[in-house]
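Only one chain is included here, represented as structure tokens and corresponding to the form predicted on its own.
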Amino acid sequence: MDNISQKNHIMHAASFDNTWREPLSILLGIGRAAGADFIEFFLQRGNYLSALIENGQVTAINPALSLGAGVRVFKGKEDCYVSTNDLSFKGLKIILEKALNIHALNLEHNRIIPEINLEPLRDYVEIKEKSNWLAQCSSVRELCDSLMQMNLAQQKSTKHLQSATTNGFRDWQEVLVASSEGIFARDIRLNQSLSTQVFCEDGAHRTSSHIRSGDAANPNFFRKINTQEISEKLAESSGHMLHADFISSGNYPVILANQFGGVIFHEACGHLLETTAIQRNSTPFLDKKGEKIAHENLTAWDEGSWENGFGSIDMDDEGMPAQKTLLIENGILRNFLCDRAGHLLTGHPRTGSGRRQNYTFAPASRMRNTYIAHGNYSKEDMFSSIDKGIYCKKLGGGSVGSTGDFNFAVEEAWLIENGKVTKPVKGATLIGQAPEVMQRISMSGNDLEISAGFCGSVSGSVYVTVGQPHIKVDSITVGGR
């Protein structure tokens, strides 16, 4: 071991290129020689920038650089994870030894250490021409100018405005995965997002409205923002809701709008289809694969790659290429989302869903671009099927319990009366239990759209896409006054 440490390993500090092959293959060999069943290194560097505009003033600019690595070691079905900011050979060897020690593994003196034969560098940076993405992104001044333009447009177009807030960020990451199974793969990810919010007040009437958009893989994202369209949508939504009457609580048939309406499926059902939920025995779908768990109208997917989808990845954080995973087909549960640890502990096949926020987290099974598939109905078909119900045009925040109990605030809601959308109502909260509600999704529209989102779980916060067409839920509890 000491002779190996003293060898002069030269790895390029500016890029995770082929110079990392030899030192990583040696370290992986040390882990295998010590008795580990599987070893995986994850290297990551990040370049982050965000800005905040409040009422026409730049109030915060936050740049951040990061660099680090983690090693995960499996012995049987047990695994451990150790991370560091020291990317020298010595630093990586130290975290490997710590991980081996956790498993009570040590390299015997004079033991022959075989290098692991890694695959030729699978370089998505070259394959997808990503090497110039960071240089092509908006500068700090361009970012602030774009956000300021949006903020000023909100102030100009929104009536009874009390405050307007606009923020945006760019998150660039380069990652490298090397494992004792021979994986050696590199990628660059680029996620950018804009969020803008208005608060309005007129006497005793108050309301707020927000819009978020996001993109992966487009360095020109902030240069392409349609300021006028976004500000007009915000002004229209807040204008409708400011003087709306409060809704009466009760059970109603509900139509959920497309795009961000998919957040309920993500939160209340999607998390229950991750193998981390099986590992904790906290999903009602534990042994339901192949069984009917939803209305026959419902089909749902989770895709690793969707053009410009906020949750898109070319490979997951275990080096597995992105896949398209059928979750539910005509109401039948077909697959769970599964990472390496989930496969070992549950037996379900891996789906390229091992994800993490950064190098300080071990990967876990996570959603990517998750959506309910389109159906054949138009919005008019759905509205005309309801005598009295609620149209949830825009959802706000919510919470979900471990078994699928959920409640979500509705930011913009409308009454449906005799098949027609009539007047706005506020104060609505959707309350339900995912396994029950999924049996009541009786109509899916032909207008699938997606929206950017964030997802927090055991491996940190990751970027995701939620989506659906307009859908009809035959009955759901709506909280109000």
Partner chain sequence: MSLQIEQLVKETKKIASDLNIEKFDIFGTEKEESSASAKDKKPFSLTSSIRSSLILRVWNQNQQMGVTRTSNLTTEGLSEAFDLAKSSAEFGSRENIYEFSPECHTKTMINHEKKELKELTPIQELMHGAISAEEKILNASLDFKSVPYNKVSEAKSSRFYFNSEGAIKIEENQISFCYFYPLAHEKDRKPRQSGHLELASSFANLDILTCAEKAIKKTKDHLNYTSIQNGKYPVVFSPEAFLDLVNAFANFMNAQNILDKKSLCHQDSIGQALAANDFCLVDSPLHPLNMSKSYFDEEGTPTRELTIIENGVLKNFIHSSFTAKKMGYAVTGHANIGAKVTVSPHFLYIKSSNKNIEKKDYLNENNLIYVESVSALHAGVNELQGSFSLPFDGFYINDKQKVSIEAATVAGDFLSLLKDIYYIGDEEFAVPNGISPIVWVKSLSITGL
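Residue numbers count along the first chain shown, from 1. Take the two forms, find the largest set of C-alpha atoms that superpose within 1.5 Å, and that set is the rigid core. Everything numeric here is computed off the predicted structure, so don't read it as measured data.
What follows is about the form predicted together with its partner chain, which we do not show.
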Fill in: Contact test in the model of the complex: residue 421 vs its partner chain, heavy atoms, 4.5 Å
no
Discussion item. Is residue 67 near its partner chain? Define near as a heavy atom within 4.5 Å, in the model of the complex.
Written reply: yes
Worksheet item: Hey, in the model of the complex, is residue 447 touching its partner chain, heavy atoms inside 4.5 Å?
Response: no
Discussion item. Residue 310 versus its partner chain, in the model of the complex: is there a non-hydrogen atom within 4.5 Å?
Written reply: no
Worksheet item: Three residues, 165, 201 and 279; all within 4.5 Å of its partner chain in the model of the complex via heavy atoms?
Response: yes
Worksheet item: 115 to 123, 322 to 330, 75 to 83, 216 to 224: which one contacts its partner chain in the model of the complex at 4.5 Å, heavy atom to heavy atom?
Response: 75 to 83
Worksheet item: its partner chain isn't shown here, but in the model of the complex which of 101, 385, 131, 357 has a heavy atom within 4.5 Å of it?
Response: 101
Item to complete: Please pick, from 157, 179, 207, 173, the one residue with any non-hydrogen atom lying within 4.5 angstroms of its partner chain in the model of the complex.
Response: 207
Worksheet item: Quick one: which residues from 32 to 46 get a non-hydrogen atom within 4.5 Å of its partner chain in the model of the complex?
Response: none
Practice prompt. Inspect the rigid-core superposition and answer whether the C-alpha of residue 248 shifts by 2 angstroms or more between this form and the one not shown.
Written response: yes
Item to complete: Using a rigid core alignment, state whether the CA of residue 112 is displaced by 2 Å or more between this form and the one not shown.
Response: no
Worksheet item: After the core is overlaid between this form and the one not shown, has the C-alpha of residue 429 moved by 2 angstroms or more?
Response: yes
